[in-house]
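Listed next as structure tokens is one chain, alone, in the form predicted alone.
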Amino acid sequence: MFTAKILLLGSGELGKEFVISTKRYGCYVVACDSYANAPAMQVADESEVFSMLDAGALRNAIEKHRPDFIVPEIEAIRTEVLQDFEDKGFTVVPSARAASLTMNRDRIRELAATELGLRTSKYRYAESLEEVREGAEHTGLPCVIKPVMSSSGKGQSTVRTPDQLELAWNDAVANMRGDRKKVIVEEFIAFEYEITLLTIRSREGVSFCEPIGHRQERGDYQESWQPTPMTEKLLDDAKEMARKVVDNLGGYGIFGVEFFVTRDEVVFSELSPRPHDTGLVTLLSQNLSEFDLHARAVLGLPIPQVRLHGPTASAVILADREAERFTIQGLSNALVLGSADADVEVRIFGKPTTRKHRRMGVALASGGTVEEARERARQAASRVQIGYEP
């Protein structure tokens, strides 16, 4: 009846698009998350509600559904359970080791810097305010402080003066995920821009999408665009570093590899072994989105040449308060910005509640140049309003 059964661990907006891609290939998907009616659950065949950090519940879900592929969409998972099932012959995407290493920033940073010798920022780990101060002395100020495990930039701060260290430590602890009270203190890189290099590892080898530029606020992505002009040398350096990391991690799927780019070098930042939020732009920019590519790589399907349609950008649609009753308004006003030579699209994620700064959707736009596409995406996003009901 179906080509494969997938157990999706985490069911946010990225998981939703992945489910849509896999359904087109005839898969049966069970979407799991800690709350009911999460975005991916709305398009999946079945759903389960439990915390991915509950080892017993995670084990029960895998044993109940016995999937062909276990696909994590979030970092906060009991990865030792994934390893147990991988040892029993289950397929974890891209691998249980990759999920474990990237669940915590300290582990993937050690792999990149120590084992693979990649250029990274100077860094120290800290489990107390005193160790944070010692870490800042090592890296110098300004520095960046963030939890070793979080999502979407939560708990990340740039510290410019010593009196800001305690506030940054408290913010990181308050916003970390999991049960590890640990942060990374890292050197502030004076980069010219930062990119996500979507890297596909399939049975055919390693391939890449065009680099994606992005802008963040509060450590969270606000805009992304494709392509980002880079010199051939810097792009080759980024590809070589990304290839080293994904080949070391193993398995098949798409990896979002983040880099800081200065005038004369590329600096490895982070890696996600799954579709990346900045890659939402590929829903409009490419012949195959990052979600289509992830699905193909996971299922062992051919990966064709990825073609860029032209300059494209995304801009997020944010809530500004906490609410359970709300409506999405202004879609016509946003979509009318499309024209004969420029596309505009909107994706509403379907999250059942709002909170301040929560991503509720994304606007996508093309243009003659990246700047035109960015401006059109920002305008479209601003026209989509969230109406809060009493």
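Residues carry their position along the shown sequence, with the first being 1. Owing to the predicted nature of the structure, the values given are computational and were not obtained by experimental measurement.
If you look for the form predicted in complex with a small molecule, you will not find it shown, but the lines that follow are about it.
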field: Output flag, Pro94, Arg201 and Ile303 jointly within 4.5 Å of the small molecule in the model of the complex, heavy atom basis
entry: no
query: Thinking of the small molecule in the model of the complex, which stretch from 132-140, 237-245, 85-93, 67-75 has heavy atoms inside 4.5 Å of it?
result: 67-75
- prompt: Any of the heavy atoms of Arg355 lying within 4.5 Å of the small molecule in the model of the complex?
  reply: yes
query: Can Asp277 be called a contact residue for the small molecule in the model of the complex at 4.5 Å between heavy atoms?
result: yes
- request: Would you check, heavy atoms only and a 4.5 Å threshold, whether Ala381 touches the small molecule in the model of the complex?
  value: no
- request: Give a yes or no for Arg359: in the model of the complex, does one of its heavy atoms lie within 4.5 Å of a heavy atom belonging to the small molecule?
  value: yes
